[in-house]
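One protein chain, two forms: both are listed below as structure tokens, the first as structure 1 and the second as structure 2.
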Structure 1
């Protein structure tokens, strides 16, 4: 079998893994949820969950990938009898997320262009139009939305085609530091707007009432957020782990990834919420797509010409963050299919590179089909048929999971496949392989595994329980139970 190339350096690996973790989830999910969930109180709950659950699964996935040298599917097959198929839902989740993520990435590209046009004073720019008008047009102009989604997906495919080292690692090693600088510039601008302080206090003011009133609700929100944000249970960390070498300290890397992801969530909050509050936006305009595509655009629009400069900087930043995530999603199925084809053709001469080409193309096309449907649907604005919707309509109430195509794909991946896969991975490591299996792998670099005892207790008892709880919470939320 041809040797797979991996990351050239630990820095490259870290940038790729942090790049995968940092994405739309951090920018539009974290700040609002933190504000709603009680500010510092939410952050505390989030960090405890990240330590007891997120880091445990993340470390397990990295170790699984590195120890077996396999992809998201073969890694499980190599080590387990009972859990040998757990990698399959992870690969499916990666493809599903890639589909709707590309639709959203396409919207970001459109906003980037709208601001470029605004700056140039071009007719196709944002000039003078408010955020809600622009967003309505973005959702209902199906052709443009599909085109932009296709551009985003094509950019993703090109980076993946260049390979792990020359494509993903290089892109992330340059892109992530650039992203941080841009984020800092936006924060400076946002926090010096008159009235910005209210945004910071919304986000950071410790308020324990949400914890007292609905502790389980906060736990559930923080849990779901953490899962998606850390890119766990989607095959990404297993695949990336297989591209690292024996010298790297997996424990330290895990901690660095979790801390960086949380830090970027906090920084993103300091960039978007003060600006939204300075504008006096109502609270429901600070959540999800509305925050990014209506409220913030209004902020930029209200600043005159320099606003467009900040708009360009901001949407470029979001596109970068989204791309570093989407390449990781595409790499998961591509690595699996390429490895499989190479293993099957052992003995015969097959060019691995051309296989990789073919599979990248095929998966991109597959994700492209779902992306097209998601764009045509425009978050439900265009009245496209959505599976199961009419069934529920007849009964009177439509649960959120089939509100629109994006919600449906999100439910299948984030609501179902990921928590289930994460739970099974944890059970496999804790009970079939035993915690020492991961312990040995961590120590192989010569590193000390100081928190081993803590890890062992978590992976067997605490983490699976939290996972079960998150799965239940997700199902309840999506199905509106």
Structure 2
């Protein structure tokens, strides 16, 4: 079989892995889920989950990918008969996430251009319109939404087509440092707005009331954010792990990825929530896409002409973050299909590049179908039929995940497939392969694995139990229990 091209450097791998983890999951997801989960209570639960679950699954997936050298499906097939199918739902989750990511990325491109137009005084710019009016128009302009989603998806495909080193690694190695600089600029402005202190207090002042009132709800919200943010159980880290050098310290890299991802999530919260509180936004304005496209746009609008500059920086930041994640989601199914085709063609070098082009195009088109439907739906604004809505309407109450196509795709991937995949991965590593299997792979580079006992206890007992609670919380919503 033709040799697979991996990352050229550990820095490139880290930037790609962190970029996949950061994405919309942090810049958009972390602030709004923090608002939904009660601020500090959510943060506390998230930090515990990141240590006891996120890092454990992440390390296991990186070790699985590097040791087998396989993609998200073949890696499981190589080590287990009982769990050989676990990679299939991971690939499905990656395609679903790529689909609604592209829709959201398209909205970000739209808002980037609106702020550019506002700065230039052009008729197609924001023109001083309030956030609600702009967002309502964005959702109902189906053609423009579909076009912007297609542009975002095309950019993703172009980066992936250049391959691991010249595409993904090069883009993330430049994009992630730039993203951090822009995020710090936005934070500096957000935290100096009058009334911004209330947002910081909401984030960091201890308040355990939400945990007493709805612990399972906070756990479910934080758990969903953990999967969404860290890109675990979607095949990404298995695929990226297969591209890493045997000399790299997997344990150290895992810690760096989790810490970096959590830090960016907190920074995103500091960029968004203080601005929302400074504006005096109501509680429902801090949940879902409204936080990114209504509340924040109103904040920029309140700054006068300077606000357009910060709007351009912010939405460019979100586009870059979303692209870093979307390329990883596209790489998962492309790597799987390319490896499979190369194995069947006995590794003929002429098959490698052409097959990669073909499968990138096919997966892009498939994701484009779901992206088109999601954009046309406009978060439920345009009356499109959503699967399962009729069933739940007959029962008298429609759950939130059936509100629109975006919520449905998000629920199926982040709410069901990813927690299930994470649970099964832990069971496979903890009880079939045994924790030593991962320990041996970590030590292969000559690194010490000082946290081995902690890892072994977590992967066998603690992490699966927490995964069950998270999965139960999602199923409870799905079944209406």
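For clarity, every value in this text was computed on a predicted model and none was experimentally measured. So that the term is clear: the rigid core is the largest set of C-alpha atoms that superpose within 1.5 Å between two forms. Residue numbers count along the first chain shown, from 1.
Note: the form predicted together with ligand PHE is the first of the two, structure 1. Once both forms are overlaid on the rigid core, the distance between the two CA positions of residue 217 between structure 1 and structure 2 is 2 angstroms or more. Residue 442: CA moves less than 2 Å between structure 1 and structure 2 after rigid-core fitting. A displacement of 2 angstroms or greater separates the C-alpha positions of residue 34 between structure 1 and structure 2, with the rigid core held in common. Fit the two forms on the rigid core and the C-alpha of residue 208 turns out 2.3 Å off between structure 1 and structure 2.
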